[in-house]
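Take a look at this single chain in structure tokens; it is the form predicted on its own.
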């Protein structure tokens, strides 16, 4: 890639918009995931009896099992949110940027 093309891409406002949106979404999703994950870890560290509570009287399944599954499922949901935005909004911005730079 030549320096002129790189310069035109970096000077385009759509490039700045794309970088800003991707960065903002990445940080937002990272904060959500870290909050969920470390919230679960802190619950294990400071209140293990909460996670050890049975879901119902006589049940061998504890509260920790569904909460652990929710932590894992939240990672899938967050990944899905990012992929959806990347495949729709970010790809469209990228295509517009490519068309403007080539013209």
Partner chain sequence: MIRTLHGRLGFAAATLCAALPLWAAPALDGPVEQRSLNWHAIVMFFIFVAFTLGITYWAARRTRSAKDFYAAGGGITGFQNGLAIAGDYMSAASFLGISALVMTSGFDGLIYSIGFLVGWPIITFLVAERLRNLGKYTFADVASYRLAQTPVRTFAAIGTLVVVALYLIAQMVGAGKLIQLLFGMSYSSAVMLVGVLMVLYVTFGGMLATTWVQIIKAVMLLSGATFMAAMVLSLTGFSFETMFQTAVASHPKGSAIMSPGGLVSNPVDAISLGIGLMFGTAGLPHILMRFFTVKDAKEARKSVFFATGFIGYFYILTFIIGFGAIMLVLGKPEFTETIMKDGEPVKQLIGGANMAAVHLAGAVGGDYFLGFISAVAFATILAVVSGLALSGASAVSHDLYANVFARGHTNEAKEVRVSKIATVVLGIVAIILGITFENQNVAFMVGLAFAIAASANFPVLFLSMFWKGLTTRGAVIGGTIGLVSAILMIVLGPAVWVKTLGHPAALFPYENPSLFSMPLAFFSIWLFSKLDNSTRAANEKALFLPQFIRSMTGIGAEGASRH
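Throughout, rigid core stands for the largest set of C-alpha atoms superposing within 1.5 Å between the two forms. Everything quoted here is computed from the prediction, not taken from an experiment. Positions refer to the first chain, counted from 1.
Form predicted in complex with the partner chain: not shown, discussed below.
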query	finding
is_contact(residue 68, the partner chain) in the predicted complex, heavy atom dist at most 4.5 Å	yes
The partner chain contact in the predicted complex: residue 12, any heavy atom under 4.5 Å	no
Proximity of residue 26 to the partner chain in the predicted complex, heavy atoms at 4.5 Å	yes
Heavy atom contacts to the partner chain in the predicted complex at 4.5 Å, residues of 69 to 84 in sequence order	69, 71, 72, 75, 76, 78, 79, 80, 82, 83
Rigid core superposed: residue 26 CA moves 2 Å or more between this form and the one not shown	no
